[in-house]
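The chain below stands alone, shown as structure tokens; this is the form predicted alone.
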């Protein structure tokens, strides 16, 4: 099936919500929807038939939660649920296609949670294999809010089946997923991994997703699909309803269709009437052809860097060549030292970090994967994965959460055969070095010829030229002076002839000569004037940064010279280099360096009492990262990392208190519970991590918690604050019942509520005292209640 060809001629229609239809058919709160495949197959069959009659081209199996994690306490196996679901859908499908529905696992991946990337892959792999064996035509990965989980799912799908893969993610009104991914980053990463269609589903209505869809369509080269909710949820006469009618829904979809989407369906609140209305409204229309921009981009999970949009600095300091301390740190597995190097480079202005840990004495694959996981948990800079060993490169690219650069491939046949399959499979950018079996050519023209060979071969592997960066290779001026200018000429020729972006390790030019910084910065300036896009350099050398800042002014990249003026407006006392400054505990927590936090806390306890450390260091640090989270300077992974770093300080403090006879520094006791009937507790768990690390004692009652348990615990423990979460519209009713029961039992406490389907208005309607829009808000509420 060629999805691109299919969607170029006509709109393709998915069905609408399965949950909405099951509730209408009698699905009770707390009942397992997937059990209906076995217990009530006729109901599932009828639902599929209704969607087909409404005009759906693709129907979706009733398998949203059919994974081994969600079914582990049920009497049903993954195989039984999926095979029965596909069988029912195939019987109902007539000539229509059947998509195996795969929702999120229901557990957070590391570093925010405990599920490993490999285990997530294995969970999805089981679903994929059973789904294809059972006869599914398409794999639909949907309602994903974590890019890392999406990557695990896509790799599981691509490596274990030959079926087309569609992937949709769920966005919040701030334009990001729960874990901070933007629409553009989603496209660059998912498209690189080889999905056949991508887009947005759930959480918002068609009107709310329009600005996000516009952003997706500007960069997406594969068909874009949408499955919005039937508007926003409201509580009317005790029931959760969505605010759009089929007619209103179809009008808003029609507006979206004019932008260039080609695959349409519905999510929460939609039913066959919505699909029919949409199909009728578009029956005389065809998909609009889009014209996406083709940029060279690299991404972390929350940030996309466009290479060519100003000079982008690739920090070179995580490379053991000539660095005794880094070598020692790698041998001793002292990852905090490596993380400190990463942080220093970011603070100094790096846009991308090169990671090279090539030492013969270490297990390079193991160390590379560990370091990548640690760096991506504390910062948002994209990474360049650098090794002479293709196995190390693949291990690093696979575990990386984003779209990295591979450093590097060259014009030798064996190099291209080893590296290009990896770059293609994972959608990575790759640096092409202008050397081949004959070595580095003397002339610029010969380097251009090698560039042509690299680009031609990359194309054969299906790698677009936007994903190739060319390094024209600089030789040392001390040994091969005449060839320095050939490198510069090659940069210009390569850009003019092929329109690709260029990188260069500029400091190589000055080996063997005195005043290296002087030579390097002069060569850097010359390289930029010849068209260099991304120098690989040490950003801690201030002269290099100054050269780039001035270049941005002189080439109009720094409009109005604003950045330059802000940085250089007055002569200031030269700052002490960042690597010579000892960081405070607050700064260490903000950076998220766990081991350093524990050591620093031990040191502070020699002169300060525990409460002073908590109040003067730990809480202010969390407040700072909380503010950064609210301002979208950092995102959930970094927020959780800092909270976990505080935990390592707290452990030291608690141990100190135990040895000195004190045991209690809690700031207040709080109940957290996911309400009865709801088994989705990701949001509640995030709130728990934050509140605990602000010093609150959390009584976590878990998920699917009976109303009586909440009331009983609140009475027995004299609780002043209760947090309730619910993800599903069906269980919000139980949230309301829990609050009513708390009031009825005259418990003197406040209740805050949160969850994907909740709004402030909705929280008020069900009698909550506070609406918690995100985890950070829960801290503000707790501090208010406990007067901190």
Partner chain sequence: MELKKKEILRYLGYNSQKIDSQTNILINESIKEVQGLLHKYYIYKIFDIEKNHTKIHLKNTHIFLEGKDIYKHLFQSEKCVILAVTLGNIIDQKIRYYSKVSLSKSLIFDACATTAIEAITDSIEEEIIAYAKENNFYTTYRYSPGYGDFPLSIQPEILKILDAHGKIGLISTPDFLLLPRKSVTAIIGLQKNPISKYLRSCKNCNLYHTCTYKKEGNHCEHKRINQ
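Whichever C-alpha set is largest while still superposing within 1.5 Å between the two forms counts as the rigid core. Positions refer to the first chain, counted from 1. What you see is a predicted model, and the numbers here were worked out from it, not measured in a lab.
The following text describes the form predicted in complex with the partner chain, which does not appear among the structures shown.
Exercise for the section: Can you work out whether the partner chain is within 4.5 angstroms of a heavy atom in all three of 591, 685 and 757 in the predicted bound form? Expected result: Yes, the whole trio is in contact, each within 4.5 Å by some heavy atom.
Practice task
Would you mind picking out the stretch of 641 to 649, 212 to 220, 309 to 317, 459 to 467 that comes within 4.5 angstroms of the partner chain in the predicted bound form, counting non-hydrogen atoms?
Solution key: Every other range fails; the passing one is 641 to 649.
Exercise for the section: Only one of 96, 424, 303, 680 comes within 4.5 Å of the partner chain in the predicted bound form by heavy atoms, so just point that one out. Expected result: Of the candidates 96, 424, 303, 680, 680 is the one lying within 4.5 Å of the partner chain in the predicted bound form.
Exercise for the section: Scan 122, 708, 559, 347 and let me know which has any heavy atom within 4.5 Å of the partner chain in the predicted bound form. Expected result: Exactly one listed residue reaches within 4.5 Å, namely 347.
Handout entry: Non-hydrogen atom contact residue 248 with the partner chain in the predicted bound form at 4.5 angstroms
Key = Heavy-atom contact with the partner chain at 4.5 Å: absent for residue 248.
Exercise for the section: May I ask you to state whether residue 377 is within 4.5 Å of the partner chain in the predicted bound form, using heavy atom distances? Expected result: Contact with the partner chain, yes.
Exercise for the section: Give a yes or no for residue 29: in the predicted bound form, does one of its heavy atoms lie within 4.5 Å of a heavy atom belonging to the partner chain? Expected result: It does: once the partner chain is placed as it appears in the predicted bound form, residue 29 has a heavy atom within 4.5 Å of it.
Exercise for the section: Indicate whether residue 399 is a 4.5 Å heavy atom neighbour of the partner chain in the predicted bound form. Expected result: Residue 399: no contact with the partner chain in the predicted bound form.
Practice task
Scan 167 to 181 and write down, in order along the chain, each residue with a heavy atom lying within 4.5 Å of the partner chain in the predicted bound form.
Solution key: Read in sequence order, the residues that approach the partner chain (within 4.5 Å, in the predicted bound form) are 172, 174, 178, 179, 180.
Practice task
Answer yes if the CA of residue 672 moves 2 Å or more between this form and the one not shown after aligning the rigid core, and no otherwise.
Solution key: Residue 672: C-alpha displaced by 2 Å or more between this form and the one not shown.
Exercise for the section: Answer yes if the CA of residue 225 moves 2 Å or more between this form and the one not shown after aligning the rigid core, and no otherwise. Expected result: No, the C-alpha moves less than 2 Å.
Handout entry: Core fit, then residue 510 C-alpha moves 2 Å or more between this form and the one not shown
Key = After core superposition, the displacement of the residue 510 C-alpha between this form and the one not shown stays below 2 Å, so no.
Exercise for the section: Tell me whether residue 677 and residue 109 end up closer or farther apart in the predicted bound form, going by their C-alpha atoms; the shift is 3 Å or more. Expected result: Those two alpha carbons end up closer in the predicted bound form.
Problem - Direction of Cα pair change residue 676-residue 109 in the predicted bound form, magnitude 3 angstroms or more - result: Their C-alpha distance shrinks by at least 3 Å in the predicted bound form.
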